[in-house]
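First, one chain by itself in structure tokens, the form predicted on its own.
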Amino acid sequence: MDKVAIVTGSSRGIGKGIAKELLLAGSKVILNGRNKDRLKATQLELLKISKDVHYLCCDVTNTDESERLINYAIDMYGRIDIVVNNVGVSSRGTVGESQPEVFERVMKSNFIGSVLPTIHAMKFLRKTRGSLVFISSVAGIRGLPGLAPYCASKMALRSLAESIRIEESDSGIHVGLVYVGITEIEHNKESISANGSSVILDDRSNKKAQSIHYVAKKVLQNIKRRRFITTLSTIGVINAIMQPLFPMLVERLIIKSKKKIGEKSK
């Protein structure tokens, strides 16, 4: 799999796992994030797999910075075969108690942070008939309590991906959308609380969380098979089937499970 790949938000967590799997498959990888120290540490770790791993510290929610990332890959390798839009942040809190800035920050990170690299990479992906992958969440299938900004941002990725698939149907670009379930997290992963402050998420080692390795493998599978939608949890698959057919039943089930959903999302 001799490809050139960009993975946004890849200094840790799922993004780092995806970058690792791409390297193991023979790809050249450009890491991205806003924390230079974490990026350098991740690069050093992944250099044990391949020398073809580089990073650019920049904010992909800024149009100039996202263009710089794409140009960095072109300057380095002359082409782009894969763009994985993984950058994002989660949120906690009901709509009624949330500050407006929370919605702005989450949408900017999760949606705009995927739109801008996509726009700048499109002409290069057309040349390689490459893959454009969006990392979404099962929370993007159906709105959930206490997660409205996050759900809205992940739902927006679905419509974006659908539009691109139609627009680029003649160009040969593969568009993938991966619905990730509850996944293990690295230490000190943060979320945005209702008042806009950062909150550290609970450790998930004692919960039924999917491993980063498993999720990354499935993302790679999506790319290799050039699939559109990949849903990575049983509850996500059930929700995806039930929601369009029996939306009110799904709503009643979620209302009954509000407390449990809140506990799992901490």
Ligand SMILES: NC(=O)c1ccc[n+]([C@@H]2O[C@H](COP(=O)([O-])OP(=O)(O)OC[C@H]3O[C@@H](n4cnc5c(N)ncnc54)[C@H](OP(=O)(O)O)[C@@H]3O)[C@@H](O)[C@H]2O)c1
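One rule holds for the numbers: they count along the sequence shown, beginning at 1. Computed from a prediction, not measured in an experiment: that's the story for all the values here.
Not pictured, yet referred to below: the form predicted in complex with the named molecule.
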query = Quick one: does Val83 come within 4.5 Å of the named molecule in the predicted complex, counting heavy atoms only?
reply = no
Note to self: Check Lys189 for me: does it contact the named molecule in the predicted complex (non-hydrogen atoms, 4.5 angstroms)?
What the structure shows: yes
>> Given that the named molecule is not shown alongside this chain, does Ile14 nevertheless sit within 4.5 Å of it in the predicted complex, heavy atom to heavy atom?
In response: yes
Although the named molecule is absent from this view, report whether Val180 comes within 4.5 Å of it in the predicted complex, heavy atoms only. yes
The listed residue (Ala156, Val87, Val175, Val102) that reaches within 4.5 Å of the named molecule in the predicted complex by any heavy atom is Val87
The one option of Ala161, Ile185, Met122, Ala152 with any heavy atom within 4.5 Å of the named molecule in the predicted complex is Ile185
Assert contact_stretch over 217 to 225, 234 to 242, 22 to 30, 35 to 43 against the named molecule in the predicted complex, heavy atom within 4.5 Å, equals 35 to 43
In sequence order, the residues of 44 to 76 that place a heavy atom within 4.5 Å of the named molecule in the predicted complex are Cys58, Asp59, Val60, Thr61
